[in-house]
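Take a look at this single chain in structure tokens; it is the form predicted on its own.
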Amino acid sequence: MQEKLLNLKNEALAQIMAVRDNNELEKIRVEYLGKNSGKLTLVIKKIPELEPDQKVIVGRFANEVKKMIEDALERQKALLQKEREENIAEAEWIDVTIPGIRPPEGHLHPLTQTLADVISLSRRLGFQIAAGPEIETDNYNFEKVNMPPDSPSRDTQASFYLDPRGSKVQPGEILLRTHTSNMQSRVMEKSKPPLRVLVPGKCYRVDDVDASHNIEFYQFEGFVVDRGISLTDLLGTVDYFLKELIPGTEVKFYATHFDFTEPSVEAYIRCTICGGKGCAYCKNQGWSEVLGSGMIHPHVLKFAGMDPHIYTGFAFGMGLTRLAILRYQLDDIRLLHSLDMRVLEQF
């Protein structure tokens, strides 16, 4: 029986060393070490039939043969794995000295770039940047900017009021802010003049979505409060502001009315989309209204705890989206919210 075991060992080791595939290696393992019909297994099962003095000798030798076959299987398996990894590495080898393919570079969205330019210009003029809540009280959004409940101006700013059920808030007390003017009183209540503040942010109004309107839009509000501030300070600031943001533009002013300023002024620029010839965006006027402004109303100063006999100020507000459209000569506000990369890659 020992001679048979020796022959099985030599036969198995020769086959193991010659195999080049893991599947073949597994077949050899089953052929010799299979639980029920392996060649070595069948021989080991006959050991109990031997004479007592032979059982120990043959049993020990059988275990040594089994161990040698198992070790040979493991070594060959590791060798095949190493060869496979080396072949993969060779096939995937990359010459790192070859110049790579430069990935496409992204860029800022037109609205983001416009906002960054507005903030940069404002800081050069000495303005501080302030942020405020988008969910606002009716008091700060309307009443403190001189728009009481019976003000006709409220009808021009259809608002999104929030449902206060389950809270202590009364209906009609909180809403999504309709303008960034809500921050005028908030800043003046906590800070003393001189003040130069710019407030950028999102605003919300109930509106029909079309080429020039949306229910969600960006706006920025700038205001200055100090002793001796006059209308000429406002006109000079706005004129400089618009000409820096839209180089080469022409600016003109018209008197108008806003509840929160007195006197009030609208700023127009020559339409950058049609060059002043007249188009759908400028309603064929050749000029686009871009900015509302004026001297801060004495009531607004009083509501914020300022004495209007000592302090005066001006404020101006503009839609950031409208500014971006005029800078990039777009004829539809919806293009700025497009997910089409063919559109966004143009800027």
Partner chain sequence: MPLSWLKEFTEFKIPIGELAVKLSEAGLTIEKWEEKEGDTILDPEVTPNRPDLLCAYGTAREIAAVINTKLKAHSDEKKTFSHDYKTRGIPMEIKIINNFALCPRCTAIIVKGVVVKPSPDWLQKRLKQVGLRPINNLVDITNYVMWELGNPLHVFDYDKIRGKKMVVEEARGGEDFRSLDGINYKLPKDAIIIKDLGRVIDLCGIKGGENTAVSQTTRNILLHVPIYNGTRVRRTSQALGLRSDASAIFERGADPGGTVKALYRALQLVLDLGGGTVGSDLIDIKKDEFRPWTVSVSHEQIENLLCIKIDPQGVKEIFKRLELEALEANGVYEVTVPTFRNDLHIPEDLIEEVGRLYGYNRFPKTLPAGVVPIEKVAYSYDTGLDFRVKEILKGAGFGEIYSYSLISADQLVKLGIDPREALKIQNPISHEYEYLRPDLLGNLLEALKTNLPNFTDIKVFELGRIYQGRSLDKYEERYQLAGILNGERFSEAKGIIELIFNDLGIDSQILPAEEANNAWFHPARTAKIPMPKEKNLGYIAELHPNLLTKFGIKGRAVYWELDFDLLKSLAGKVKTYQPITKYPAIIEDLTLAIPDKVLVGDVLDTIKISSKLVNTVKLIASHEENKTFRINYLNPTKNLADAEVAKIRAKILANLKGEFQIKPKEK
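Numbering follows the first chain given and starts at 1. Note that the coordinates shown come from a computational prediction; the quantities given were computed from them, not determined experimentally.
Below, we turn to the form predicted in complex with its partner chain, even though it does not appear here.
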* Asked: Of Gly275, Pro247, Gly100, Gly126, which residue is found within 4.5 angstroms of its partner chain in the model of the complex when only non-hydrogen atoms are counted?
  -> Gly126
* Just one of Ile88, Ile94, Leu79, Ile135 has a heavy atom within 4.5 angstroms of its partner chain in the model of the complex, so which one? -> Ile135
* Contact label in the model of the complex: Arg322 to its partner chain, heavy atom within 4.5 Å -> no
* If you check in the model of the complex, is His297 within 4.5 Å of its partner chain, heavy atoms only? -> yes
* If you check in the model of the complex, is Glu143 within 4.5 Å of its partner chain, heavy atoms only? -> no
* Asked: How about Asp163: is it within 4.5 Å of its partner chain in the model of the complex, going by heavy atoms?
  -> yes
* **in the model of the complex, residues of 308-347 near its partner chain [heavy atom within 4.5 Å]** => Thr312, Phe314, Arg334, Leu336, His337, Ser338, Leu339, Asp340, Met341, Arg342, Leu344, Glu345
